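So this first bit is one chain, no partners, the form predicted alone, shown in structure tokens.
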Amino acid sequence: MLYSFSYYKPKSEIEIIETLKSFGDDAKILAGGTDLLVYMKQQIADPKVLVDIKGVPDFSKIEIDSSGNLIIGAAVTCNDVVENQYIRNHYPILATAAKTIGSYQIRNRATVVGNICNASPAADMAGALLVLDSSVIIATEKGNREIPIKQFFVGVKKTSLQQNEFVKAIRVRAEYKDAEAGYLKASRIKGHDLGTCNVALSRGKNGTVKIAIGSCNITPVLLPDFDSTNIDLANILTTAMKNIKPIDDLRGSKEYRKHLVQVFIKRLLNGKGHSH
């Protein structure tokens, strides 16, 4: 059951900001709604006002900026990413990760930006975006500000977004176009289940290996960069174990999660699960 609420669908970024300013903490941004509406039905969230951002046409676009970076708008769905040929050709890890989310019907609603704004430790898009050195473009009253996505997650279900701010897009760096990258995820069932563990890995053209781990700490974890020309597996696994703090829950024990992380890192370093 949903409690009554007011619904707004602004047509511009400025209108969104003004609406957020008018209602303050009573307002919540609505994009796909696959998390928020569930929370409302479960009475975990009770916003008085929903601000639907899908009325801004630019937010539904996947574009390339003047520097060759990939821009994913706030209303781009996971299926938009899965089916986009440019992403499939040049950033396939994004399509791979997006395809693991829920069912086809959910992916038709769920947005990439919504997936990171929910700030779940298990967020599937977080790891892929972290290893592509992506950044988050945030709309504010004073204009846009942009931060590395590794600074965006600050706790369980918590982001660095401030009052009257919202994420308008994600920028994926051109330096990672065609980079070798892969994503592996374990879950109890296919479809409607959070991951027990996920690991993303990329080998950048700058000679670095980036590894991100999900479902093993209060936020998605990005490990320090490693040298791709001198892979020291023992050091990588030791570093991974030092940076995660998995828990026991209904999806798996902490020992099982640690085991999965090590297995997935080894597989990805050996090219298994790679998109390129």
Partner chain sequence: MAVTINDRKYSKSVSENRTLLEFLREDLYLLGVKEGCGEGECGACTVLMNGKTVNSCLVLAVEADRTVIRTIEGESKDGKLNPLQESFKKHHATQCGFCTPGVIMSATSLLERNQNPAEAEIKEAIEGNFCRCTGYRQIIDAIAEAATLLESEVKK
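Numbering follows the first chain given and starts at 1. These numbers come from a predicted model, not from an experiment.
Keep in mind that the form predicted together with the partner chain is missing from the display, and what follows is about it.
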Note to self: Heavy atoms within 4.5 Å of the partner chain in the model of the complex: which stretch in 236 to 244, 59 to 67, 23 to 31, 223 to 231 meets that?
What the structure shows: 23 to 31
Note to self: Since only the chain is shown here, I'm wondering whether Gly102 would be in contact with the partner chain in the model of the complex (any heavy atom pair within 4.5 Å).
What the structure shows: yes
Next item on the list: Although the partner chain is absent from this view, report whether Leu37 comes within 4.5 Å of it in the model of the complex, heavy atoms only.
Entry: yes
Note to self: With the partner left out here, check for me: in the model of the complex, does some heavy atom of Asn108 sit within 4.5 Å of the partner chain?
What the structure shows: yes
Checklist line | Any non-hydrogen atom of Val209 within 4.5 angstroms of the partner chain in the model of the complex | finding: no
Margin query: Heavy atom within 4.5 Å of the partner chain in the model of the complex: which residues of 38 to 53 meet that condition, in order?
Written below: Val38, Lys41, Gln42, Leu50, Asp52
